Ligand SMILES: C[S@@+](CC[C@H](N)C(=O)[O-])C[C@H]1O[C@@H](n2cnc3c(N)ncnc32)[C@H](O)[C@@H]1O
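Only one chain is shown below, in structure tokens, and it's the form predicted on its own.
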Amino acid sequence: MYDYQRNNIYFAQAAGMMESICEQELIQLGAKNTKVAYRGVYFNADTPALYKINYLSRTITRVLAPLRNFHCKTSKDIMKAAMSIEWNSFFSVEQTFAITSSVNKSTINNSLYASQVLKDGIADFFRTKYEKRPNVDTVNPDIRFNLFIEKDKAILSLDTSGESLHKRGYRLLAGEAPMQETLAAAIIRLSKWDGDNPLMDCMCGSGTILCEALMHYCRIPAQYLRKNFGFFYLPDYDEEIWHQIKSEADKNIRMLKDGLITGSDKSQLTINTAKDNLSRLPFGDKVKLEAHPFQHIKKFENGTIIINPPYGIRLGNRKEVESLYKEFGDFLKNRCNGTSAFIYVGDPELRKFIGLKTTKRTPLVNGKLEGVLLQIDSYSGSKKKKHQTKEKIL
């Protein structure tokens, strides 16, 4: 019996600064006894909840099922743990596997070396039993394992997600500085947008925010396009429960209202990429896309704007980016009455060029960029008073 079978404890990996957001979503999807840790959340789940979390979660990146916890000071300890596992109960010699390792404050100070030792242990097991070994495939393996070593303790896990959950399957092409799907989903969650007003991304790039907004509103499972999950390889995998979970989730999908989600970008080529990505999702053709800069939009009132503008790090000239932020601030002030804007800024220093008071700032990481999500509410006159009264009531 493996550790996850004894205690039903799993670990959900999260991107930087998104742990609490992930915890909230996990609880909604059936997780129990959640505990936030660095870059993730520990939780309890029964089999249906485990499958549901993998299929529906929009913000976590992986779910690990611990197989063995063991004392680890040398490579011999890794090899000993490897030889204690019946690897053929997870996958066959004809299938491929990959190992991800991380080490922290350990005498084993090289993660690649740790992976190599575990790989050798798995290979030795199969050679002894079948006189042949399975191949490693680091790009698209059938099954993935994770080895985490901290000080003299190690956890060996099976990745129940398989491919990282941020990969939805709709984004075959990306722009020059794409936002990760899990971050876009987290921003939509933080915006509290649920289709009660129109949503616009006027710097949509390859359309990640639009795709995530579409999936959120239409209740399309985050992994609707995925064919393979790591939990398929658990020895106690229950195909009947999986099909039931999937069927129930898919029945909740609803149509997108005409005109509810719109996007634009100054580049027609970029719009074509966004259109291509959206076409892989149900109702993607109902998202209205136009090729023009936001300065050409006459007005957008009583709605929600979510954008990921250039940061001036990889894209464009810094002065041009600063000017862009100022123009966008003027656009919000003069043409977006009654609208809440959520702006992800990869370089927090750019915030000041918008020139408007922020309602809220939330630190969030996009890859290696430690950015911040700005909320700016563009209300004026009686509309502003009405909104403030509503907030007090809530």
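On a predicted model such as this, the values are computed, not experimentally measured, just so you know. Heads up: residue numbers just count along the shown sequence, starting at 1.
Keep in mind that the form predicted in complex with the ligand is missing from the display, and what follows is about it.
(Q) in the predicted complex, does every one of Met215, Arg219 and Gly284 come within 4.5 Å of the ligand, counting any heavy atom? (A) No: none of Met215, Arg219 and Gly284 comes within 4.5 Å of the ligand in the predicted complex.
Q) So in the predicted complex, does any heavy atom of Arg168 sit within 4.5 Å of the ligand? A) Because no heavy atom of Arg168 falls inside 4.5 Å of the ligand in the predicted complex, the answer is no.
Q.
I'd like to know whether Ser206 contacts the ligand in the predicted complex, with contact meaning heavy atoms within 4.5 angstroms.
A. Close contact exists here: in the predicted complex, Ser206 approaches the ligand to within 4.5 Å, heavy atoms only.
Q. Though only this chain appears here, would Phe231 touch the ligand in the predicted complex if you measure heavy atom gaps against 4.5 Å?
A. Phe231 lies outside the contact set for the ligand.
Q: Give a yes/no on whether His292 approaches the ligand to within 4.5 Å in the predicted complex, heavy atoms considered.
A: Because a heavy atom of His292 falls inside 4.5 Å of the ligand in the predicted complex, the answer is yes.
Q: Using heavy atoms only and a 4.5 Å cut-off, determine which of Ser115, Ser157, Gln223, Thr270 is in contact with the ligand in the predicted complex.
A: None of the other options qualify; the answer is Thr270.
Q | Proximity to the ligand in the predicted complex, single hit among Ala82, Ile187, Met179, Leu256 (heavy atom within 4.5 Å) | A | After the contact test, the surviving option is Met179.
Q: Work out which of the listed stretches, 235 to 243, 83 to 91, 149 to 157, 258 to 266, brings a heavy atom within 4.5 angstroms of the ligand in the predicted complex.
A: It is the stretch 258 to 266.
Q. What are the residues of 39 to 58, in order along the chain, with a heavy atom within 4.5 Å of the ligand in the predicted complex?
A. Contacts from 39 to 58: none.
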